[in-house]
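Below you'll find only one chain, the form predicted on its own, shown as structure tokens.
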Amino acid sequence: MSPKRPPLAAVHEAAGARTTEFGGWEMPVQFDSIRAEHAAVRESAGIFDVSHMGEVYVDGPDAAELMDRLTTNDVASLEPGGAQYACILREDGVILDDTVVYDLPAQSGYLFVPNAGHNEQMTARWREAAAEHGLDVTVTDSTDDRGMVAVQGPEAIDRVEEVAADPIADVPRFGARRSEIDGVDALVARTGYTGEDGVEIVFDAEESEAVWAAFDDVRSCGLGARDTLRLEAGLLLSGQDFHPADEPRTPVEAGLGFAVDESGEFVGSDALERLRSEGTEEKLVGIELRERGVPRHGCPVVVDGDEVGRVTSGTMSPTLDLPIALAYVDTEHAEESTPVSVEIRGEGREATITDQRFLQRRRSN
């Protein structure tokens, strides 16, 4: 089956973007160079087409109860205009997906954003759970009817305010507001796509070109820059750092405990309680290489000749100018400053276990 094309596909083609298939969508991987797009987001601002992300609306008297049954965070604690990061688990605690849940401002119900290609699966899961528990809700998959862009970088808020009908700077982190972007009604959310400040903007798909054109002086960025930016910030990538079949991980292993309401009762909560009590055999860590080389998904992590883990994401950090990676390693080797070796094409490179928030750590020093 051919991948879906986003509403902005023709605009991307006209701009000369190189595209790739991602999550069943044909998306731009780079417009110019990944390094230039990465630098724009770190130093000024960049805009990403993220219309491949799912948009699923949940409304009705029992909407909060259903969301709390199927996500790991405390949805009922949200106020209108609030948002939270959460995981969606199997009964054994393995992550099926991660998502951002919005308590919609100026209207009833919730919006949650599954990763690309997961919207149909999650919509079915929500509807089945509602039917099983007799909950009065309406679940609507609006992915094909919505466009979404992310404007990111230290100048992002200023650039959005130039075209927004309302102030945006006072929208709190993990907050959302309805506004107009160059006359287009939109949900403007400040939830962090790349680890830099900025907003995600959701609107009717037919308005996609108008919204994109409102930022025609902001550098267009693709998935390549997204990956390097997120890795520097220590943000996980679905399908790579966790995947229910290829990389089955729990929030405990993946360091996502902050997204779990430990007092909540949700699908997978019993399994997580056992893991928190008993501990896990492996843990997600950051790794910095002390020798040149680019660590890639699957590279072994070695201590004294024994494989103790594997890289899930790696890159040559454009900002830090050193090779960095995320990896799951045996818990006994997960302590920061532990010396390890990363095998790249069969050759070991000296490295050190670190906090995975590479950029934040360097900025705070």
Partner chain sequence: MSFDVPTDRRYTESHEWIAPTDGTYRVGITDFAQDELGDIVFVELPAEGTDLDEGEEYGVVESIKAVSDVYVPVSGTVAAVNEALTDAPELINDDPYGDGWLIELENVDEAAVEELLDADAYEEQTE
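Numbering follows the first chain given and starts at 1. Given the structure is predicted, the values throughout are model-derived calculations rather than measurements.
Unshown form predicted together with the partner chain; subsequent notes refer to it.
**Student:** Among Arg35, Arg345 and Arg349, does every residue place a heavy atom within 4.5 Å of the partner chain in the predicted bound form?
**Tutor:** Every residue of the spot touches the partner chain in the predicted bound form.
**Student:** Please check if Val184 has a heavy atom lying within 4.5 Å of any heavy atom of the partner chain in the predicted bound form.
**Tutor:** No.
**Student:** Does Pro318 reach the partner chain in the predicted bound form if we count a contact as any heavy atom within 4.5 Å?
**Tutor:** Answer yes; at least one heavy atom of Pro318 falls within 4.5 Å of the partner chain in the predicted bound form.
**Student:** Arg290 versus the partner chain, in the predicted bound form: is there a non-hydrogen atom within 4.5 Å?
**Tutor:** No, Arg290 is distant from the partner.
**Student:** Does Thr312 make contact with the partner chain in the predicted bound form, using a 4.5 Å heavy atom cut-off?
**Tutor:** Residue-level check for Thr312: no, no contact with the partner chain.
**Student:** The partner chain isn't shown here, but in the predicted bound form, which of 51-59, 66-74, 331-339, 26-34 has heavy atoms within 4.5 Å of it?
**Tutor:** The contacting stretch is 26-34.
**Student:** Looking at Thr191, Ser208, Thr228, Asn119, which is the one with a non-hydrogen atom within 4.5 Å of the partner chain in the predicted bound form?
**Tutor:** Residue within 4.5 Å of the partner: Thr228.
**Student:** Among Ala259, Val294, Val267, Leu275, which has at least one heavy atom within 4.5 Å of the partner chain in the predicted bound form?
**Tutor:** Answer to the contact question: Val294.
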